[in-house]
Ligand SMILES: NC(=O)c1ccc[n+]([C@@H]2O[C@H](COP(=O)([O-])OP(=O)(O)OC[C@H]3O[C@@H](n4cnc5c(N)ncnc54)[C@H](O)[C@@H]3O)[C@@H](O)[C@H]2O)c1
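In the block that follows, a single chain appears as structure tokens, in the form predicted on its own.
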Amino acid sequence: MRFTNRVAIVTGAGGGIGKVTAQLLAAQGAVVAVNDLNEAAAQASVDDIRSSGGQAFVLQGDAADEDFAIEAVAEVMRSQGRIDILVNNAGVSVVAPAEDFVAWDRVLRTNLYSQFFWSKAVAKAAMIPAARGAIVNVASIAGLAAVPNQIGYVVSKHGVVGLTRSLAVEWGRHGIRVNCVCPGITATDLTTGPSGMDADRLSARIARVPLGRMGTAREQAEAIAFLVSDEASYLSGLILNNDGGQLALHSGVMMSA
């Protein structure tokens, strides 16, 4: 129960890594504010947490809306009186060749701007006054290397890496730790669901992972939970690629070579 008496906010927690992270934090004692644009998905996450004996409540709204982020943080402060943990997980991916890409504003606002909006709101309302706090930004290995046909995603996730380092440097004096997890290919609806990768592409991607498999949402959540825990009390500005060894593999070299 390492998060007893802690209050956490997880954005994009209606499914995938965000949902499992919210469940894990709650299972270890945190009161979790579950944000998602989809109210039904957010409520389902909260219901799952409560059915397991945890404490959670819904913050329904668009994580990329700065006004909503400010008001949601104020709501949490009114009801809980503190915010100890922020996990910036909300994200979207739009696949298109760079020359045809038109979703620039949507992808950048959701993946990058939202993380700054929530970090700033939480820092000003709760963490700076308390002189403590832990923030984890969820990026991707696409924040460390390019992925074809996802220019908006790649640029936004590279921005998350820079945001993490900047905030860690600026807010260290306030006792706030800021770290980043960069998941490799992970089994969620975005990869294996109806709108995910086709079977051949998925197999080819998995074949390039040295551990020979996709990661799980639970494995990503465990990394996030570690970084916001007291066990990571001297870690700040860390960019952690949780990717099964993908980025350790030479670019262009196949596993069978």
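In this text, residue numbers run from 1 along the sequence as written. Predicted model only: the values in this text are computed from it and were never measured.
Not on display, but discussed next: the form predicted in complex with this ligand.
Among residues of the shown chain, residue 117 is not one whose heavy atoms approach this ligand to within 4.5 Å in the predicted complex. Within 4.5 Å of some heavy atom of this ligand in the predicted complex lies at least one heavy atom of residue 190. Remark: residue 209 does not count among the residues lining this ligand in the predicted complex, judged by a heavy atom distance of 4.5 Å or less.
In the predicted complex, this ligand sits within 4.5 Å of a heavy atom belonging to residue 153. Per the 4.5 Å heavy atom criterion, this ligand in the predicted complex is contacted by stretch 132-140, the sole one of 132-140, 72-80, 95-103, 119-127. When you look in the predicted complex, the only residue of 55, 229, 38, 28 with a non-hydrogen atom within 4.5 Å of this ligand is 38. Contacts between 103-123 and this ligand, taken as any heavy atom within 4.5 Å in the predicted complex, involve only 110.
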